[in-house]
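Form predicted on its own, single chain, as structure tokens, below.
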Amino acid sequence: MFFHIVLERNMQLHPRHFGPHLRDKLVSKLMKDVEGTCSGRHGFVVAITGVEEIGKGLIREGTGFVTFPVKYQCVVFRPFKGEILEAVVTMVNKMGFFAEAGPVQIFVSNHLIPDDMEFQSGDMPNYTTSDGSVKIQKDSEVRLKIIGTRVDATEIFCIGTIKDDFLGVINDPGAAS
């Protein structure tokens, strides 16, 4: 799920950046440092949408660096248990498959794949139905449900299932060839 929230961060800036473009330097450094990172509490920072406030700088003794408190708005992505996501399969093996929905990696165990699908090894490992009509392989798009999340300080891991109504393959790249 995506959220638009306000966060704060202390930014250190070298004295060579002081001058008429100080604010621009702070904002570009903030974007470079924050976008694409993950905090366990808020999720993945997708984009900074605006800077609300830049506080007064505090000079660090001995270095000349100045620390500015910056309050900014950003869009974050955080998956929740029970959420339905569309993801792209990145790896298939006999234990299940891994899929990615944006920055989140989701593992779907073979116990959470419908019983009529069997693992097929070979040059392109996949899960295929007995009649061969549905195939899950690398680069397939699947709709899955998150049944568990584990949050670390810098990463979010998810377990998913496709063993439910309206879940499974939504686009198979192998069918086009």
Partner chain sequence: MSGEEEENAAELKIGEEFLKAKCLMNCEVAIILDHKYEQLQQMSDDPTNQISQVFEKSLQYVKRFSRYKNPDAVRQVREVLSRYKLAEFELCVLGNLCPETVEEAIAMVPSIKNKGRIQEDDQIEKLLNDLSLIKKFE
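None of the values given here were measured: they were computed from a predicted structure. Residue numbers count along the first chain shown, from 1.
This protein has a second form, the form predicted in complex with the partner chain, left out of what is shown; the following refers to that one.
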Using a 4.5 Å heavy atom cut-off, which residue among 66, 54, 30, 46 comes into contact with the partner chain in the predicted bound form? 46
Test of understanding: in the predicted bound form, would residue 166 fall inside 4.5 Å of the partner chain by heavy atoms? yes
Please run the contact check for residue 135 against the partner chain in the predicted bound form: heavy atoms, 4.5 angstroms, yes or no? no
Would residue 60 count as a contact of the partner chain in the predicted bound form, using a 4.5 angstroms cut-off between non-hydrogen atoms? no
Taking 4.5 angstroms as the cut-off for heavy atoms, does residue 149 touch the partner chain in the predicted bound form? yes
Three residues, 80, 87 and 101; all within 4.5 Å of the partner chain in the predicted bound form via heavy atoms? yes
What residues in 20 to 36 sit within 4.5 Å of the partner chain in the predicted bound form, counting heavy atoms only? 31, 35, 36
